[in-house]
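Next up: just one chain, as structure tokens, the form predicted alone.
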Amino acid sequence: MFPCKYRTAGFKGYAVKFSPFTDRLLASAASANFGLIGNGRLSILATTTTNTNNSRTQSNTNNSPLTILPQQHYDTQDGLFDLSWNELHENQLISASGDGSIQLWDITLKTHPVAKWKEHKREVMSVEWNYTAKTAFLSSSWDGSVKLWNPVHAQGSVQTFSEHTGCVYTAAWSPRHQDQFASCGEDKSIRLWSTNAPQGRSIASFGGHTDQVVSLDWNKYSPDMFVTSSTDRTIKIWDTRNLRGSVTMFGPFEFPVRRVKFCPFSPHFIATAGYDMSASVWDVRNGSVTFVHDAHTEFVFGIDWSYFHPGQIASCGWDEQIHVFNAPLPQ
């Protein structure tokens, strides 16, 4: 399948996520003026296949040409840096905003968010719904904190975690323990937390990167393992049972990797979005690059795997482009 493309004209892409409920939906978070000033845009998109008779169908196959069609978009007063689909409601998602707010959207509605929370003092850099407990989500921010939210508690956050000494770029839930998550940040550290720990203290910390740790994701098949990327131009694999350091390191590279995502169909592959303007697939068993998508013309910030089609990936970047393409997964 050749890559299909969609342009978020005037908005630089920061995150793109496939829906966990349907194989054709995806959403992107983007910002005007590189996220420095100006509006944001949340775009809801659908992939369609074009048959040989030129008719379109909503079913996706890896052998048919794909087209990305806009379904809905929402403009916000400040830039958007991340999004996450609601794990309980197929039509809802949350967005992370540069003004410190988190907004809950219902894509069946045309205009305003259905809820909005604003506790963070600076830009919200990541949001992630808990995909095991499903009732709560996390946010991380430039203000150095991670917050736990439950939409039922509309008045505000449930808990705040504040040990990082700089921007927290990512907070990501453990796939094994519904109360545990890991975070990484500007202070070069990685921390493991439990929502049940007394006084909101971290239960473990990991060191080894020599610069900001900008992305983190868990291995769904080996749930004690997670991967990080850093501006020290390395990727590292970690094991929560080993606090002495990373298990594996790849790099240093010429350019840093901005985002890493483990494959939902295999424990052996990660997808990366990088400052080298490419999206790549890596085999973590030997550190080899098995696929490179080099059609972007600016930094690539967002990347995600389809939950329905093995090897299907979406990427977005500062070239105002969203790409959907297939990467073969070796055995």
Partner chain sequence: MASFRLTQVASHLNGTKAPRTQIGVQSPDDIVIVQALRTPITRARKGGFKDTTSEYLLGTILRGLLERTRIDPTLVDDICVGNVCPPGGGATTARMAALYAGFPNTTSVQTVNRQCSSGLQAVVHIAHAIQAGMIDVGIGAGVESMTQFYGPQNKLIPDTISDEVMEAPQAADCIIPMGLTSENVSAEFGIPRPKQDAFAALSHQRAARAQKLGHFNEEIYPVRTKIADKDGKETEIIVDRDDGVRPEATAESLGKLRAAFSADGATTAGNASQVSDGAAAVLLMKRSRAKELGLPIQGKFVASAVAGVPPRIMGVGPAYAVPAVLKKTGLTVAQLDIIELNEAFASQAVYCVETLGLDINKVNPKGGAIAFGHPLGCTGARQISTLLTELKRQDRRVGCTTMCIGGGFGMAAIFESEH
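Residue numbers count along the first chain shown, from 1. Note that the structure is predicted; figures quoted are calculated from it, not measured.
Not pictured, yet referred to below: the form predicted in complex with the partner chain.
Peer 1: Please identify the residue among S162, T132, N196, T210 with any heavy atom within 4.5 Å of the partner chain in the predicted complex.
Peer 2: None of the others qualify; the residue that does is T210.
Peer 1: Looking at F206, F137, F81, W117, which is the one with a non-hydrogen atom within 4.5 Å of the partner chain in the predicted complex?
Peer 2: Looking at F206, F137, F81, W117 one by one, just F81 meets the 4.5 Å heavy-atom criterion.
Peer 1: Look at the stretches 250 to 258, 88 to 96, 198 to 206, 217 to 225 and give the one with heavy atoms within 4.5 Å of the partner chain in the predicted complex.
Peer 2: The contacting stretch is 250 to 258.
Peer 1: Check, residue by residue, if E123, Y275 and F299 all come within 4.5 Å of the partner chain in the predicted complex, counting heavy atoms only.
Peer 2: Yes, the whole trio is in contact, each within 4.5 Å by some heavy atom.
Peer 1: Although the partner isn't part of this model, could you tell me whether V289 comes within 4.5 Å of the partner chain in the predicted complex, counting any heavy atom of the residue?
Peer 2: Residue-level check for V289: no, no contact with the partner chain.
Peer 1: With a cut-off of 4.5 Å between heavy atoms, is I107 one of the residues that contacts the partner chain in the predicted complex?
Peer 2: I107 lies outside the contact set for the partner chain.
Peer 1: At 4.5 Å between heavy atoms, is G35 in contact with the partner chain in the predicted complex?
Peer 2: Yes, G35 lies within 4.5 Å of the partner chain in the predicted complex.
Peer 1: Test of understanding: in the predicted complex, would S189 fall inside 4.5 Å of the partner chain by heavy atoms?
Peer 2: No, no contact at 4.5 Å.
Peer 1: So which residues in 155 to 183, when you check the partner chain in the predicted complex, have a heavy atom no farther than 4.5 Å from it?
Peer 2: Going through 155 to 183 in order - heavy atoms within 4.5 Å of the partner chain in the predicted complex - the hits are C167, Y169.
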